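In structure tokens, the next block holds one chain alone, the form predicted on its own.
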């Protein structure tokens, strides 16, 4: 090919748009605690929703190549000079393949790039480590289970391996909601399994035709097959069965004035404890209850969930000072039946919703 022909060929390719867009300037993490950096000099607005997951998102690689903001790894976006920086809430895992989805401007198509932070020296044998609610006595209108694994699991096949089995050994294949995208945490280690709300809500056609998936006074088993594989190709070490004894449904809103609060003594590091009158949602309770002092500053310390999600305790970093305190409760906090401080999951048109965003418990030490 002559020099003239080469130049002509190059110009034709560029004009026709055959040349793919260059991958945005991207800096990959070099270790587990690293961050992902993307050069985006055009972003002047520092609000996170403007430059967040739409411009830079990280995912655990999956076989279906489905990468939407709903299943992105959760973390914090910050803007520093010309860099958009993403730091995950939990460190990257060595040996795990991640996919970064980026776009330099809002009008660009997405670009994808995979990476690993290192090789995993050994892979722990895959197993179920916990299931919430943790109690075996659960209400008839239970809304969801959280299943925790010690390694990231293969996605897209959960309901092939999870069954609700009654006392006669019969599996209810319609018990759980089947989503196009399963409800996984960003690290692939926690799965949320929802009962079909149509089986829970009274008067709905599905409830009328099939009845509730769980029926009061009966016994069931949540079975998780040992044939399920993690992302490394390992099967779960065994089949896991959680026994369930069904009790009366929860039919009331959460009422924080019915909680029992045990106050600590001043100048001590005693625990503050809160006893609920129903089982709370394990995941939501970790982020929707806060403790503040009289200046409205967050009291430093840590919360612990106890007694099958019916109690929490707060251990302060420093000794309690005399004075006023306030427990702040997000109105979206739910019990295990999906009822919150504002309304019921299974509510009538006559029921009045509470519009408060937060509710408060004031106490004095």
Partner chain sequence: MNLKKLLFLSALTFTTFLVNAQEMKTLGALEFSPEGILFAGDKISGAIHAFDLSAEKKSIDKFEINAYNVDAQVAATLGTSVGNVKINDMAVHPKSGEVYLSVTRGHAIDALPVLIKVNATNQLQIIDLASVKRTSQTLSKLPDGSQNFIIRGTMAPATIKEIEKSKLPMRTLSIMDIEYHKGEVFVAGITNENFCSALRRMPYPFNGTESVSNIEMFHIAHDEYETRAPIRSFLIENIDGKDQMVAAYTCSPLVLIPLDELKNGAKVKARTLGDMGNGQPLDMVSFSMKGNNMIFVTSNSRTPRVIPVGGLNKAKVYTENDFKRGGKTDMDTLPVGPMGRPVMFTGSALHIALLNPMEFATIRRDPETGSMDLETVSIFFPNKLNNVMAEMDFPQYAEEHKNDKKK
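Positions refer to the first chain, counted from 1. Everything numeric in this text was worked out from a predicted model, so none of it was measured. We call the rigid core the largest set of C-alpha positions that still match within 1.5 Å between the two forms.
A second form of this protein, the form predicted together with its partner chain, is not displayed here; the remarks below concern that form.
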Exercise for review: May I ask you to choose, among 219, 136, 225, 229, the residue with a heavy atom within 4.5 Å of its partner chain in the model of the complex?
Suggested key: 229
Point to revise | Contact assignment for its partner chain in the model of the complex, among 202, 294, 238, 74, heavy atom within 4.5 Å | key: 74
**Study point:** Output flag, 264, 298 and 363 jointly within 4.5 Å of its partner chain in the model of the complex, heavy atom basis
**Key:** no
Practice item. May I ask you to check whether residue 156 falls inside a 4.5 Å heavy atom distance of its partner chain in the model of the complex? Key: yes
Practice item. Give a yes or no for residue 32: in the model of the complex, does one of its heavy atoms lie within 4.5 Å of a heavy atom belonging to its partner chain? Key: yes
Review point. Looking at the partner-bound form in the model of the complex, is residue 212 within 4.5 Å of its partner chain by any heavy atom?
Key: no
Practice item. With heavy atoms only and a cut-off of 4.5 Å, decide whether residue 197 touches its partner chain in the model of the complex. Key: no
Point to revise | One stretch from 32-40, 328-336, 301-309, 314-322 that, in the model of the complex, holds residues within 4.5 Å of its partner chain by heavy atom | key: 32-40
Point to revise | Core-aligned C-alpha movement of residue 69 between this form and the one not shown reaching 2 Å | key: yes
Check your understanding: Would you say residue 325 moves between this form and the one not shown, meaning its CA shifts by 2 Å or more once the core is fitted?
Key -> no
Review point. Can we say the CA of residue 58 moves by at least 2 Å between this form and the one not shown when the core is superposed?
Key: yes
